[in-house]
Structure formats: C-alpha cells, structure tokens
Ligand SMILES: Cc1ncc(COP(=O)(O)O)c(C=O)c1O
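One chain comes next, on its own, written out as structure tokens in the form predicted on its own.
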Amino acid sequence: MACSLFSRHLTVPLCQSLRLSGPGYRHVSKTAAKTLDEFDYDGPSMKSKVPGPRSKELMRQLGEIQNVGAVHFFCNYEESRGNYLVDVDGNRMLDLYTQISSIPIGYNHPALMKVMSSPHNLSTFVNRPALGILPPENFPDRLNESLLSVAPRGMRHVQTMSCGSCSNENAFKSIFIWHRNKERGHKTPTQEEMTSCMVNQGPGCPDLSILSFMGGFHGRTMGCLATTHSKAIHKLDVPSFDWPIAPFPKLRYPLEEFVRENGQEEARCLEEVEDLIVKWRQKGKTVAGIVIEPIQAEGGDNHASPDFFKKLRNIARKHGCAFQVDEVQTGCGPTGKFWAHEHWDLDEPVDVVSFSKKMLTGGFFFRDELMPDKPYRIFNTWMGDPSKNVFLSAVLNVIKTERLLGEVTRSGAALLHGLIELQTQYPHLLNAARGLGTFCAIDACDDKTRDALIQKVRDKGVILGGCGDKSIRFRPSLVFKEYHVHLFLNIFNDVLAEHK
C-alpha cells in the first residue's frame, strides 16, 4: 500500500524514495511542494475492509425499512474533510467520486461552515418558502449573486428546481410550451385545447417529442426516463413515451489518433439525427427539442468533438427544435471550464442549460423566447431552496478567489497523463483513458474486472465510481490537487500490479 505522502499543516515535497510494487512504478510530483489546507487530511487511513462491521450492521437495520442494494457503506460526515470521506468504521478515504460528482469544494469546507454559522442566514435555513408564490425579499439579489453571475452565454433567465431530474423534466415542459405557442402564433389556446388536455387527448395534449441519444442519462422521472438510455434497470417496468433515440458517436481513443475514423462516425450519427427528426414529423410526433450531455456520464463517459456539437446545434436550428444541454454532471467546473459546452465555441448560444449536483441547487437557464407565458405553467411547491443559493454564492467565491478552474485543468492533465501511463503499463487490464479537466474515465477489460478494481482500490483508501459497461469514472471535487492525483496513481498502481 502506498505510504503517506504528506504531513498535515506542513509544506513538504512528495516522497521520492517509494518502493516499486511488482512491475509497476511510482508517480512523483514534478510540481512545487504544496501546503495542505486546514480542512484537508494528509492521506487515507484504513482500519477495515469496506464496508466494515459497523456499516454492515447499519445496512441490516436499514434493510428492514427499505431496499439497501445500492448502499456502499455508511458515512461519518462530521469527520469527513476536504477530499476525504470517513466511514462509520473509521476508514478515511480519498474520494474521487464525491457523492456522484455533487461535492463542489470538498467536505466541510470552511467557507460553507461560515455560511451556516452566520446569524444573517438563519431565517433562510429555518424557513423554506413556496418560491413560486411567496419568495423572500432578498431572492432576486440571491439569484443575481449566485446563479445569474455564472449564466451561460446568451441567457439571462433561470428557473430554480430541487434536483437534476425535476430540472430536466420542467425544461422539457418549457420546450413543449414554447413550441406550441410558436405553432399557434402566440394566440390564446382554444376551448377545445383546454377541454381535451383534461382527458389526456389532443389537441390540448399534443404528440410532441424530445430527441435523445443512446447512452444518455437525464433522470428517472417520466419524461426524463423516456430520454434515458444508460442502464435497463432504470427503465424496466415503467411506461414510456414514443420519442426518437439517436445513436451517440462511438469514438476511438485517443481522439487525436483517430480523427478520420471518428469524424466518419460522428457524420453517421448526425445523419441519423436528421432522419429521425423527419420520420417523427411524418408520424405526427414532431421533435420539439433535442437534449444531450456534453459528455455522456452515466452511460460510460462517452465523448464527441466540438464539431459534432456545432453541427448538432445547426440541425436543431434548421428543424425548429430547441437545443438543450444537460450539464447536471458537467456543470460548475469539472472539465476546466465552468460549463462544459464552452469547450465547443458555438456560433450561437444553446437554448436551455440544465444543472444540479455541484451547483448545489437544481434548475435550468433559458433564452428569452422560452419564458413561460402564464403563471403555474412551470411550478411546484418549493421550486428549489433559497439556502442552496447562499451556499452556491460561497462556492463561487471560493472558485474565483482560489482560481480552482485552473487547478482543475492542471490536476486533470496530471490525472489523464497518469491514466495513459497506467494503461500502457497494464494493457491487459486498462484502455481508452479519456477526459476533460478532472472529468476523466478509463475502461477496464470487462465489467467484472472493473468492479473488482474499484473494490480493491477502496479497501486501500480511494473511492472511485463505475459507469457504462466497463468504465471507471473519476469525479473529484474542485479542490482536488496534483499531489492528490499522484497519491491516487500510486495506490491504483499497487492494485493493478497485485491484480490476478
């Protein structure tokens, strides 16, 4: 097991005399020594396998109340700090999965603890309003200083929601409302439309559709589930809409070595998108919108080129479809830019951008023309939570003052470089390293090997996640630094060298 590389509160260089493990090698930082933040630990500390005895007992107790098949272990969040998650058995693990990519600046960050301790914020935490009808006095200011301060290009409107699924679900509704208003020339709905929608019939309930992509994941509510195609277990036994599903490019990695082949694959998929739009229009189920992730995360960390997305945006405009980018997992900086679609350098802004996870609140940004035309059309009781905007303001300040997007770019480059080295060292186990910023992934030779590697790495003090058929995904927080990268790579190397 890799030795401890740091001493807390001290400025120290990486250990340079680490013992080689089997045929592997050690990763040594070439950067200047780093000062550990007060809220970060100095490395993993393992007392048992994971899950340990206390976690297993709690699983037994919870299993009498609900299904615990997906539970990995129970956590001690009070003792967790920075990049480290502590479990109830006292195991301290370097977390490169961060609650499915939803922890922006580490556990128990001082800036967020300060928000909690401020008496000025007490009312915001104690009282959760029905924002659609009774927002607090400071709500416009809170939105301006948080969400609107990072609004994607071309957008000055935002609708808050509570999670990623409800963000996408209501974004789809906004697209349908926009499309029908456009079709009727922004006239008042007819009495027939008002009556027929009450019994789930047309013309009040039109046969419109959202085009999505195979491998995509957009949530588990009904509309979102119709656009989710990552794992069968998400969709099994649930009725769905007859909406078009386009192929997402299956690229070969490294991308720079397969430019011609990947270009042909992307062209094939774009041609299929246009064919589907025409086919669904002919069958009376017009495509009102297209939804896509900048990187298909749950579906296997699948990438496409900026050129693919530019051409897809042009197709949407050509056919009168709204173009929605689902940034629930890629938003708030993990690719090195605040919004992953900024990497595309589009000529024209997208129409809708949904978000959640690292943004701490859910919601979607949208262009002027998608503003709801009447009250209660996009509505629920809470419509988000003002306390999350307070936290987000603090997070955004930390990102700016500590220049974390630059940190993500540097750490991500080191991580991807290390993964490429490891797949060269262990080609029988790993391949297809890929990523933007720290939003990285690598494929194992098969799903069984992937699952075994994740478990073995966790028992040595590092938490990773799986996605797709056989991929390992990396989703560290934005305070994940280069020395954390090398700490992980050394541990991962040990596991790979020992793997039978």
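All residue numbers are counted from 1 along the displayed sequence. Keep in mind that what you see is a predicted model, and the values were worked out from it rather than measured.
There is also a form predicted together with the ligand; it is not shown, and the following applies to it.
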Taking 4.5 angstroms as the cut-off for heavy atoms, does G219 touch the ligand in the predicted complex? yes
4.5 Å heavy atom contact, K357 to the ligand in the predicted complex: yes
Does the ligand get within 4.5 angstroms of any non-hydrogen atom of G289 in the predicted complex? no
At the 4.5 Å heavy atom threshold, is M214 in contact with the ligand in the predicted complex? no
Counting only non-hydrogen atoms, which stretch in 174-182, 377-385, 326-334, 418-426 is within 4.5 Å of the ligand in the predicted complex? 326-334
I need to confirm a contact call. Of M371, C205, C163, M116, which residue comes within 4.5 Å of the ligand in the predicted complex, counting heavy atoms only? C163
Please identify the residue among N91, S146, N168, N83 with any heavy atom within 4.5 Å of the ligand in the predicted complex. N168
